[in-house]
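One chain is shown next in structure tokens, namely the form predicted alone.
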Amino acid sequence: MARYLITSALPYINGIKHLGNLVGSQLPADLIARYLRARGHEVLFLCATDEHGTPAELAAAKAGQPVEAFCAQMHEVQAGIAAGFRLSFDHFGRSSSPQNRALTQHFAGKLAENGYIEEVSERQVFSIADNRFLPDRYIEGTCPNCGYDKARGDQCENCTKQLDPTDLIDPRSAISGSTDLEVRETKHLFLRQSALRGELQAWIDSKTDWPILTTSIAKKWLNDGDGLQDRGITRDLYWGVPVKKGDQDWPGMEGKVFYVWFDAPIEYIACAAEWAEANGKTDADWERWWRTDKGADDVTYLQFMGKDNVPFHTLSFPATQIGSQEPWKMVDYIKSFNYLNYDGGQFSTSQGRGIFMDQALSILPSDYWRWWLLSHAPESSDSEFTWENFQGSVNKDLADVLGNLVSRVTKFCRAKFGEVVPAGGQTGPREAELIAELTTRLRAYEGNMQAMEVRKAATELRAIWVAGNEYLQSAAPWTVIKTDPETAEAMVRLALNLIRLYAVVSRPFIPDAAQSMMDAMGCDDWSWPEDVGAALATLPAGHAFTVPDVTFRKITDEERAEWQTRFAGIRT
């Protein structure tokens, strides 16, 4: 048994995420966590809401709530949706937790002690009316590039041009709308990433098995232009982790908080501490996952994220860990994803374009979405969600292949032999061929899952389902029963055991359907089919089963057209 620590990029607190966010981090992380547990490994799967920073304050203000109350409410909403998609987190924490506050301050103190923090004077926009410095996103104005009148101080959403607040025409406060702004000097802390460049380069170079997408982004940030830049880790905001040097005040930093990008990855560690506290465990229980001097040296740490998060996880968070000069567990493998686009354009949380996680669950159960998203995961390039493709995949893969087998076998057995596994006959060469094919395909499936090749794993799983259908079509027990009922019994006995095997190997992808298949077989034996032949004899003759409800229903053309129209507009 090996030990695996798995984290997926933290979903931001300011709204419900769309399907592109889901397939880019949380869902594939869940797939691998479920698979590794099924193989008997010890897994700690952690995620949390990312709660600090400007967008959280703005979203709370828009909702007319104090930011603390808004974040608490949205955490519950996101946790509920995660549960709806059957994301099997061991803990779903919060970056605003006391554990993350203490750990973030601890890391800052260690980095300062080791010479990796620098105080830098900057000129920033100050709002007289609001009596505060305005972070870039708190400043709105007209874009000098395209004329869009709601451009932010960091970027124009209309033309995507990167901006500085001073570039904006007629700038105003996003809080009060006031144009009474002036530029003032303020001090901030910077993480001296450039001083750690050599160590980061050597560490990244040692990761020869990482996806090209991950390493290419990391090396671009390391080497392009002037190379890796120092980065500000504080902001003049109300909402965030107060700036402290460990548990000591930091002179000159009063009223400031740590920048969200600095504290959010530290929440991966803090989340383990939250998990320990929530489950009545000790500090030693979480430290064995995170500190190599306390047992984490035998842990394999896997991270899952969209490509936009790669720089923070390959450079900034590792710089924080390395710079602390403490024995923290570093990531072993970063599985990064490209973007999932939506019906000819892009998903957009800010513009409400596409289908969002709560909407998806309101029209179909989670397994339909899990299967499509994972079997179309944007691994080697961007992929695109279209309603036609979704309908075709659900109807062919889930309804025609898997669901059809379950229905045909159970209904035929009930009609001819009753609701028990039939006892007669012996299997022959045809069944031996099926077992050989399933063994080959199952080993390929296991290899793809171990390598975290999500689409390839889905392709193999579907081929495993197809092999069973082809066997059934070829064996034709409904014909054989007329002349050789005992042989037909043996075929059906094997086919009922095939349903149980499919439940076990399909569970990481479609957990609810797997459970209903297992329940129908009157079984709770989830042991992995190391020996396919033996696995296909798990349910003995005389074992009772039931005919399940439809495992997967087909999506009609009318439904597809209606959904395509309903989700083409802007979510308000």
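A residue's number is simply how far along the shown sequence it sits, counting from 1. Values in this document were obtained by computation on a predicted structure and should not be read as measured data.
Omitted from view is the form predicted together with the RNA, to which the following refers.
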Problem - in the predicted complex, residue 260 touching the RNA (heavy atom, 4.5 Å) - result: yes
Problem - 4.5 Å heavy atom contact, residue 560 and the RNA in the predicted complex - result: no
Problem - 4.5 Å heavy atom contact, residue 122 to the RNA in the predicted complex - result: yes
Exercise for the section: Using the partner position in the predicted complex, report whether residue 466 sits within 4.5 Å of the RNA, counting heavy atoms only. Expected result: yes
Problem - the RNA in the predicted complex reached by all of 39, 106 and 325, non-hydrogen atom within 4.5 Å - result: no
Practice task
May I ask you to choose, among 359, 97, 439, 404, the residue with a heavy atom within 4.5 Å of the RNA in the predicted complex?
Solution key: 404
Practice task
Check each of 353, 197, 291, 307 and return the one that places a heavy atom within 4.5 angstroms of the RNA in the predicted complex.
Solution key: 307
Problem - Candidate stretches 272-280, 171-179, 218-226, 80-88 - the one whose heavy atoms come within 4.5 Å of the RNA in the predicted complex - result: 218-226
Exercise for the section: Quick one: name the residues from 545-559 with any non-hydrogen atom within 4.5 angstroms of the RNA in the predicted complex. Expected result: 550, 551, 552, 553, 554
